[in-house]
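The chain below stands alone, shown as C-alpha coordinates; this is the form predicted alone.
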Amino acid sequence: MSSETEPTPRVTPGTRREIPHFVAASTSEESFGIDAVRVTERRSNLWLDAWRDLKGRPLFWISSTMIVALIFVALFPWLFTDTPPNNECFLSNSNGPTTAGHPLGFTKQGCDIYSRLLYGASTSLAVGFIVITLTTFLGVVFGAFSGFYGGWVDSVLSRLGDIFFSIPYILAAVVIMSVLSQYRSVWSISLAIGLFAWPATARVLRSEIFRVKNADFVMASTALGMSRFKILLKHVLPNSIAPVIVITTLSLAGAIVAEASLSFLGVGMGSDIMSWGNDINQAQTYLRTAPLTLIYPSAALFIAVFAFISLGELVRDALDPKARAQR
(Lines give C-alpha, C1' and ligand atoms only; values in the text may rest on other atoms or scores of the structure.)
Protein backbone atom coordinates (compact mmCIF):
# COMPACT_ATOMS: atom_id res chain seq x y z
CA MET A 1 0.00 0.00 0.00
CA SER A 2 1.63 3.17 -1.12
CA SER A 3 1.10 6.58 0.41
CA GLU A 4 1.27 9.75 -1.56
CA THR A 5 3.69 12.26 -0.13
CA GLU A 6 4.34 15.75 -1.17
CA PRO A 7 7.66 16.00 -3.03
CA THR A 8 10.29 18.04 -1.28
CA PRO A 9 11.25 20.99 -3.42
CA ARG A 10 14.80 20.79 -4.66
CA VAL A 11 16.92 23.83 -4.12
CA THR A 12 19.41 24.56 -6.81
CA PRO A 13 22.72 26.01 -5.65
CA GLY A 14 22.78 29.74 -6.13
CA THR A 15 19.01 30.12 -6.01
CA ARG A 16 16.95 31.64 -3.17
CA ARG A 17 14.50 29.39 -1.39
CA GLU A 18 11.06 30.93 -0.91
CA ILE A 19 9.39 30.27 2.44
CA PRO A 20 5.60 30.36 2.45
CA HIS A 21 4.21 33.35 4.32
CA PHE A 22 0.79 33.01 5.87
CA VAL A 23 -1.29 36.10 6.55
CA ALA A 24 -4.09 35.98 9.09
CA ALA A 25 -7.50 36.67 7.75
CA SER A 26 -8.97 40.11 8.41
CA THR A 27 -10.60 40.21 11.82
CA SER A 28 -14.06 41.54 12.35
CA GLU A 29 -15.24 43.90 15.06
CA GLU A 30 -16.53 40.94 17.07
CA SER A 31 -13.09 39.37 17.33
CA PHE A 32 -11.63 42.54 18.79
CA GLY A 33 -14.27 42.47 21.53
CA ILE A 34 -13.01 39.12 22.86
CA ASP A 35 -9.71 40.32 24.28
CA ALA A 36 -10.47 44.03 24.55
CA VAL A 37 -10.64 45.59 28.01
CA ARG A 38 -14.10 46.88 28.62
CA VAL A 39 -14.00 50.25 30.36
CA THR A 40 -17.34 51.36 31.75
CA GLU A 41 -18.41 54.94 31.30
CA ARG A 42 -20.21 54.93 34.67
CA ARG A 43 -18.59 57.42 37.01
CA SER A 44 -17.74 56.20 40.48
CA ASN A 45 -16.48 57.85 43.66
CA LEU A 46 -17.31 57.78 47.36
CA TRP A 47 -20.24 60.20 47.13
CA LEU A 48 -21.79 58.71 43.99
CA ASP A 49 -21.55 55.20 45.41
CA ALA A 50 -23.13 56.39 48.64
CA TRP A 51 -25.98 58.08 46.76
CA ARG A 52 -26.64 54.95 44.68
CA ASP A 53 -26.83 52.96 47.90
CA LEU A 54 -29.07 55.45 49.70
CA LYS A 55 -31.63 55.93 46.94
CA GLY A 56 -32.35 52.20 46.89
CA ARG A 57 -33.25 52.06 50.59
CA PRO A 58 -36.88 52.86 51.54
CA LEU A 59 -35.95 54.03 55.04
CA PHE A 60 -33.83 56.79 53.52
CA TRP A 61 -36.82 58.23 51.68
CA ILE A 62 -39.05 57.87 54.74
CA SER A 63 -36.62 59.64 57.08
CA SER A 64 -35.82 62.31 54.47
CA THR A 65 -39.52 63.02 53.94
CA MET A 66 -40.05 63.31 57.68
CA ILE A 67 -37.12 65.72 58.03
CA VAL A 68 -38.26 67.89 55.12
CA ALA A 69 -41.78 68.01 56.59
CA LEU A 70 -40.42 68.96 60.03
CA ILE A 71 -38.27 71.73 58.57
CA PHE A 72 -41.18 73.09 56.54
CA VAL A 73 -43.46 73.09 59.59
CA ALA A 74 -40.76 74.74 61.71
CA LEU A 75 -40.26 77.51 59.16
CA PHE A 76 -43.93 78.17 58.39
CA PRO A 77 -46.07 77.03 61.36
CA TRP A 78 -48.75 79.65 60.65
CA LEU A 79 -49.63 77.89 57.42
CA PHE A 80 -51.00 74.93 59.37
CA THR A 81 -52.97 76.67 62.11
CA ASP A 82 -54.74 79.96 62.73
CA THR A 83 -54.66 79.58 66.51
CA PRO A 84 -51.90 81.40 68.40
CA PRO A 85 -50.09 79.02 70.76
CA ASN A 86 -50.29 81.29 73.84
CA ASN A 87 -52.71 84.14 73.20
CA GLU A 88 -55.95 82.15 73.15
CA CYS A 89 -55.72 80.09 76.32
CA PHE A 90 -58.94 79.79 78.37
CA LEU A 91 -59.23 77.84 81.60
CA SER A 92 -62.69 76.77 80.52
CA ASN A 93 -60.93 74.53 77.97
CA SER A 94 -58.52 73.03 80.54
CA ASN A 95 -57.54 69.50 79.41
CA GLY A 96 -60.46 69.66 77.02
CA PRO A 97 -61.07 67.07 74.29
CA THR A 98 -60.83 67.50 70.55
CA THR A 99 -63.10 70.15 69.07
CA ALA A 100 -63.53 71.79 65.67
CA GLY A 101 -60.33 73.63 64.79
CA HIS A 102 -58.46 72.01 67.69
CA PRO A 103 -57.68 68.43 66.56
CA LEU A 104 -55.53 67.47 69.57
CA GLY A 105 -57.46 69.13 72.38
CA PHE A 106 -56.17 71.53 75.03
CA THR A 107 -53.52 71.73 77.75
CA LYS A 108 -54.13 72.32 81.46
CA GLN A 109 -54.02 76.08 80.83
CA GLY A 110 -56.52 75.74 77.98
CA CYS A 111 -54.00 76.29 75.15
CA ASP A 112 -54.29 74.50 71.83
CA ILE A 113 -51.96 71.46 71.82
CA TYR A 114 -51.78 71.29 68.02
CA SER A 115 -50.64 74.91 67.74
CA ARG A 116 -48.05 74.46 70.50
CA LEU A 117 -46.61 71.40 68.76
CA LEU A 118 -46.19 73.28 65.49
CA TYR A 119 -44.51 76.29 67.06
CA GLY A 120 -42.47 74.03 69.34
CA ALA A 121 -40.92 72.42 66.27
CA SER A 122 -39.44 75.80 65.36
CA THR A 123 -37.70 76.03 68.73
CA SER A 124 -36.38 72.47 68.79
CA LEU A 125 -35.02 72.52 65.23
CA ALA A 126 -33.56 76.00 65.66
CA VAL A 127 -31.62 74.83 68.71
CA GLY A 128 -30.52 71.70 66.86
CA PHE A 129 -29.18 73.53 63.82
CA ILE A 130 -27.45 76.25 65.85
CA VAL A 131 -25.76 73.62 68.02
CA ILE A 132 -24.48 71.51 65.12
CA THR A 133 -23.25 74.64 63.31
CA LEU A 134 -21.22 75.60 66.36
CA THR A 135 -19.97 72.09 67.14
CA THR A 136 -19.07 71.40 63.50
CA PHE A 137 -17.13 74.65 63.18
CA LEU A 138 -15.17 74.14 66.40
CA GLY A 139 -14.70 70.43 65.79
CA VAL A 140 -13.41 70.93 62.23
CA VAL A 141 -11.01 73.71 63.24
CA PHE A 142 -9.56 71.87 66.23
CA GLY A 143 -9.55 68.43 64.59
CA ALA A 144 -8.06 69.60 61.28
CA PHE A 145 -5.17 71.57 62.75
CA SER A 146 -4.48 68.96 65.39
CA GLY A 147 -4.40 66.02 63.00
CA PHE A 148 -2.60 67.67 60.09
CA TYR A 149 0.16 69.67 61.79
CA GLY A 150 0.84 67.31 64.70
CA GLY A 151 3.68 68.06 67.10
CA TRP A 152 3.07 70.69 69.75
CA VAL A 153 -0.05 71.91 67.92
CA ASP A 154 -1.59 68.46 68.29
CA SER A 155 -0.54 68.24 71.93
CA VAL A 156 -2.06 71.59 72.91
CA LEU A 157 -5.32 71.19 70.97
CA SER A 158 -5.78 67.57 72.02
CA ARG A 159 -5.32 68.38 75.71
CA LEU A 160 -7.80 71.25 75.37
CA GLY A 161 -10.26 68.90 73.72
CA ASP A 162 -9.76 66.34 76.50
CA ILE A 163 -10.66 68.99 79.09
CA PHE A 164 -13.97 69.76 77.36
CA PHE A 165 -14.59 66.09 76.60
CA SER A 166 -14.33 65.19 80.29
CA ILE A 167 -17.23 67.53 81.13
CA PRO A 168 -20.70 66.12 80.24
CA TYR A 169 -22.29 68.78 78.07
CA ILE A 170 -25.72 68.25 79.63
CA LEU A 171 -24.31 68.95 83.09
CA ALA A 172 -22.38 71.96 81.81
CA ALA A 173 -25.50 73.29 80.10
CA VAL A 174 -27.51 72.90 83.32
CA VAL A 175 -24.94 74.96 85.22
CA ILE A 176 -24.72 77.65 82.53
CA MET A 177 -28.50 77.96 82.12
CA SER A 178 -28.93 78.14 85.91
CA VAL A 179 -26.47 81.04 86.05
CA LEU A 180 -28.08 82.73 83.04
CA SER A 181 -31.63 82.18 84.26
CA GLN A 182 -32.60 85.73 83.27
CA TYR A 183 -31.39 85.29 79.69
CA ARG A 184 -33.03 82.04 78.63
CA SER A 185 -33.51 81.94 74.89
CA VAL A 186 -32.78 79.82 71.84
CA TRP A 187 -29.32 81.36 71.51
CA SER A 188 -28.30 80.97 75.15
CA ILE A 189 -29.31 77.31 75.37
CA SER A 190 -27.66 76.59 71.99
CA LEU A 191 -24.37 78.13 73.14
CA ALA A 192 -24.57 76.27 76.45
CA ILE A 193 -24.88 72.93 74.63
CA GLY A 194 -22.59 73.61 71.66
CA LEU A 195 -19.61 74.97 73.61
CA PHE A 196 -19.18 71.59 75.33
CA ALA A 197 -20.33 69.17 72.58
CA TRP A 198 -17.64 69.76 69.92
CA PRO A 199 -14.80 67.45 71.14
CA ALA A 200 -16.44 64.33 69.67
CA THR A 201 -16.42 65.87 66.18
CA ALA A 202 -12.81 67.01 66.63
CA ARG A 203 -11.67 63.52 67.64
CA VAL A 204 -13.34 61.82 64.69
CA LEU A 205 -11.90 64.31 62.19
CA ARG A 206 -8.44 64.17 63.77
CA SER A 207 -8.21 60.40 63.39
CA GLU A 208 -9.45 60.56 59.80
CA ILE A 209 -6.90 63.24 58.88
CA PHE A 210 -4.13 61.09 60.33
CA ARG A 211 -5.11 58.47 57.74
CA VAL A 212 -5.51 60.80 54.77
CA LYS A 213 -2.46 63.04 55.21
CA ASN A 214 -0.06 60.21 54.31
CA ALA A 215 -1.77 59.51 50.97
CA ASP A 216 0.11 59.75 47.67
CA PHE A 217 -1.79 62.80 46.43
CA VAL A 218 -0.70 64.73 49.53
CA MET A 219 2.93 63.82 48.87
CA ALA A 220 2.53 64.85 45.24
CA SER A 221 1.07 68.22 46.27
CA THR A 222 3.97 68.78 48.65
CA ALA A 223 6.46 67.93 45.89
CA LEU A 224 4.79 70.51 43.63
CA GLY A 225 5.49 73.21 46.20
CA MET A 226 1.94 73.73 47.49
CA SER A 227 1.76 75.25 50.97
CA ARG A 228 0.68 73.01 53.84
CA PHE A 229 -2.37 75.11 54.69
CA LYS A 230 -3.54 74.98 51.07
CA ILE A 231 -3.00 71.21 51.00
CA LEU A 232 -5.13 70.93 54.14
CA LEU A 233 -7.99 72.95 52.67
CA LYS A 234 -7.88 71.65 49.11
CA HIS A 235 -6.98 67.97 49.51
CA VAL A 236 -6.91 66.62 53.05
CA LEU A 237 -10.07 68.16 54.52
CA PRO A 238 -12.41 67.32 51.58
CA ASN A 239 -11.24 63.68 51.71
CA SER A 240 -11.73 63.49 55.49
CA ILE A 241 -15.13 65.16 55.84
CA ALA A 242 -17.36 62.08 55.36
CA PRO A 243 -17.30 60.93 59.03
CA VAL A 244 -18.01 64.51 60.12
CA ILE A 245 -21.22 64.53 58.07
CA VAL A 246 -22.35 61.35 59.79
CA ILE A 247 -21.61 62.55 63.32
CA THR A 248 -23.22 65.92 62.54
CA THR A 249 -26.49 64.26 61.56
CA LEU A 250 -26.47 62.17 64.72
CA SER A 251 -25.49 65.18 66.85
CA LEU A 252 -28.52 67.10 65.58
CA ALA A 253 -30.79 64.50 67.15
CA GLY A 254 -28.73 64.70 70.35
CA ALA A 255 -29.06 68.49 70.44
CA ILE A 256 -32.86 68.27 70.13
CA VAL A 257 -32.96 65.77 72.99
CA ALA A 258 -30.62 67.95 75.07
CA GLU A 259 -32.87 71.01 74.64
CA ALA A 260 -35.95 68.99 75.58
CA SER A 261 -34.14 67.55 78.61
CA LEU A 262 -33.07 70.97 79.87
CA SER A 263 -36.56 72.38 79.37
CA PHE A 264 -38.04 69.34 81.13
CA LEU A 265 -35.70 69.95 84.09
CA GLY A 266 -36.84 73.57 84.22
CA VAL A 267 -33.52 75.14 83.22
CA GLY A 268 -34.12 75.35 79.49
CA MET A 269 -36.47 77.64 77.64
CA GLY A 270 -38.57 80.21 79.43
CA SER A 271 -42.21 79.41 79.99
CA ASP A 272 -43.21 81.97 77.35
CA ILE A 273 -41.28 80.11 74.60
CA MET A 274 -42.87 77.20 72.79
CA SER A 275 -40.89 74.02 73.42
CA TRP A 276 -41.69 70.32 73.44
CA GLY A 277 -39.64 69.98 76.61
CA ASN A 278 -41.71 72.67 78.33
CA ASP A 279 -44.95 70.96 77.30
CA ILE A 280 -43.71 67.59 78.59
CA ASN A 281 -42.67 69.22 81.86
CA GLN A 282 -46.05 70.88 82.36
CA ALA A 283 -48.01 67.75 81.42
CA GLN A 284 -46.17 65.19 83.57
CA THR A 285 -48.31 65.86 86.63
CA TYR A 286 -51.49 65.12 84.65
CA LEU A 287 -50.41 61.75 83.28
CA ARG A 288 -53.31 59.90 84.92
CA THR A 289 -56.06 62.43 84.32
CA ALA A 290 -55.05 63.78 80.89
CA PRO A 291 -52.37 61.49 79.36
CA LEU A 292 -52.74 62.88 75.84
CA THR A 293 -51.25 66.23 76.86
CA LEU A 294 -48.03 64.31 77.61
CA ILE A 295 -48.21 61.82 74.77
CA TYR A 296 -48.51 64.36 71.94
CA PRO A 297 -45.32 66.38 72.62
CA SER A 298 -43.45 63.17 73.47
CA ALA A 299 -44.51 61.67 70.14
CA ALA A 300 -43.39 64.80 68.27
CA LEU A 301 -39.99 64.62 69.98
CA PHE A 302 -39.71 60.91 69.14
CA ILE A 303 -40.52 61.46 65.47
CA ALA A 304 -37.92 64.22 65.09
CA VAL A 305 -35.16 62.27 66.85
CA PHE A 306 -36.01 59.05 65.01
CA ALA A 307 -35.85 60.78 61.62
CA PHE A 308 -32.41 62.32 62.19
CA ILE A 309 -30.91 59.22 63.82
CA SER A 310 -32.20 56.99 61.01
CA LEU A 311 -30.76 59.30 58.38
CA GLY A 312 -27.43 59.45 60.20
CA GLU A 313 -27.21 55.65 60.45
CA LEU A 314 -28.05 55.23 56.76
CA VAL A 315 -25.47 57.82 55.69
CA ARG A 316 -22.84 56.14 57.86
CA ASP A 317 -23.47 52.76 56.23
CA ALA A 318 -23.56 54.27 52.75
CA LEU A 319 -20.20 56.01 53.20
CA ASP A 320 -18.57 52.82 54.49
CA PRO A 321 -17.53 50.51 51.58
CA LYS A 322 -17.21 47.54 53.93
CA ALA A 323 -20.76 47.99 55.22
CA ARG A 324 -22.04 48.25 51.63
CA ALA A 325 -20.20 45.07 50.65
CA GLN A 326 -21.74 43.08 53.52
CA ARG A 327 -25.31 43.80 52.41
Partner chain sequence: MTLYILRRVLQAVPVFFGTTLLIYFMVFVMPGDPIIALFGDKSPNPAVIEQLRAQYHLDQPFFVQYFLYIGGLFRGDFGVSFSGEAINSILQRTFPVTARLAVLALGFLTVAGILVGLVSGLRKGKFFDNSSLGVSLVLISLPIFVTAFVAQYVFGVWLGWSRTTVGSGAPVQDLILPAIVLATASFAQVMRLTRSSTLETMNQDFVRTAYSKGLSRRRVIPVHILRNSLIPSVTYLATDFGVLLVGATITEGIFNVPGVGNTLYQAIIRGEGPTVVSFVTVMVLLYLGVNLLIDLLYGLLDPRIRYVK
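Numbering follows the first chain given and starts at 1. Predicted model only: the values in this text are computed from it and were never measured.
There is another form of this protein, the form predicted together with the partner chain, and it is not shown here; the text below is about that form.
Undergrad: Within 4.5 angstroms, counting heavy atoms, which one of the listed stretches 136-144, 108-116, 175-183, 122-130 is next to the partner chain in the predicted bound form?
TA: Selected stretch: 175-183.
Undergrad: Any of the heavy atoms of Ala50 lying within 4.5 Å of the partner chain in the predicted bound form?
TA: No - in the predicted bound form, heavy atoms of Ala50 and the partner chain never come within 4.5 Å of each other.
Undergrad: Residue-level question: is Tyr149 within 4.5 Å of the partner chain in the predicted bound form, judged on heavy atoms?
TA: No, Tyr149 sits far enough from the partner chain in the predicted bound form that none of its heavy atoms falls within 4.5 Å.
Undergrad: Taking the partner chain as it sits in the predicted bound form, is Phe164 in contact with it (heavy atom to heavy atom, 4.5 Å or less)?
TA: Yes, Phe164 sits close enough to the partner chain in the predicted bound form that at least one of its heavy atoms falls within 4.5 Å.
Undergrad: Please determine whether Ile245 contacts the partner chain in the predicted bound form, using a 4.5 Å cut-off between heavy atoms.
TA: No, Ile245 sits far enough from the partner chain in the predicted bound form that none of its heavy atoms falls within 4.5 Å.
Undergrad: Among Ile71, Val204, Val257, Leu104, which has any heavy atom within 4.5 Å of the partner chain in the predicted bound form?
TA: Exactly one residue meets the criterion: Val257.
Undergrad: Would you mind picking the one in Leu294, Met66, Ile273, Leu54 that has a heavy atom within 4.5 Å of the partner chain in the predicted bound form?
TA: Exactly one listed residue reaches within 4.5 Å, namely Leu294.
Undergrad: At 4.5 Å, heavy atom to heavy atom, what parts of 282-306 sit next to the partner chain in the predicted bound form? List them in sequence order, or say none.
TA: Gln284, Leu287, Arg288, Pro291, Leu294, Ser298, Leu301, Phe302, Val305, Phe306 sit within 4.5 Å of the partner.
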